[in-house]
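One chain comes next, on its own, written out as structure tokens in the form predicted on its own.
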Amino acid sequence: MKSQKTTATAEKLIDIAESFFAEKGFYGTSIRDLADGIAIAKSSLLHHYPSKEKLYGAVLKKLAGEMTLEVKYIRKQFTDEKEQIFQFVQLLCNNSEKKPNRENIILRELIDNPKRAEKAKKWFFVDYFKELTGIIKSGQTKGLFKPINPEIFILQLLGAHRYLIISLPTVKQFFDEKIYQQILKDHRTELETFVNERLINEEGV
């Protein structure tokens, strides 16, 4: 059984690793970077996580767990699937501003993952994706949503959002703060418009 000290160190490593992976990506982060970040010996780090891949996996597992719980909370709080999907749009946008490390890691994972996909034994975001498509499928059974492919819709929604997030650092250099904030506000509106036009079945209302 792990001691409280061991567990606390492992959790601190995950927090430090999250920052490094967000800034430098999986391939740009070394074991030495991570050990120095928490001020422990490299051998001690490897005692908790035998490889960088193991530590990275722990970070992804943590993030995926948090994201899945957020969607489950929305589904529990709101019984109407239309409200659920619009609440999720707001969650997406809010998290991009409040949790930049998470967003950066997800974006880097989408870029870097193809290099490791064939060797990967687990995709940590499966439950998150199932919760999201579950909203669509449930709404479709009630006639609230159009009979579109739930998986494709969610991928398109996430893709539209992630594309903007990738561009934000560059966009911020070109425009003043007022215009930048307006872009963020309009982005939410555009995502809602996408949901309305692509998903909502007005005939079933």
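A residue's number is simply how far along the shown sequence it sits, counting from 1. Predicted, not measured: the structure shown is a model, and the values here were computed from it.
The following text describes the form predicted together with another copy of the chain, which does not appear among the structures shown.
Contact annotation for residue 40: none of its heavy atoms lies within 4.5 Å of another copy of the chain in the predicted bound form. Among residues of the shown chain, residue 159 is one whose heavy atoms approach another copy of the chain to within 4.5 Å in the predicted bound form.
Contact check for residue 44: every heavy atom lies farther than 4.5 Å from another copy of the chain in the predicted bound form. Contact check for residue 106: a heavy atom falls within 4.5 Å of another copy of the chain in the predicted bound form.
For the candidate set 143, 50, 65, 28, a heavy atom within 4.5 Å of another copy of the chain in the predicted bound form is found for exactly one residue, namely 28. The candidate spot formed by 11, 32 and 90 is out of contact with another copy of the chain in the predicted bound form: none of the three has a heavy atom within 4.5 Å. Residues 151, 152, 155, 156, 158, 159, 160, 162, 163, 164, 166, 167 are the ones in 151-168 with at least one heavy atom within 4.5 Å of another copy of the chain in the predicted bound form, listed in sequence order.
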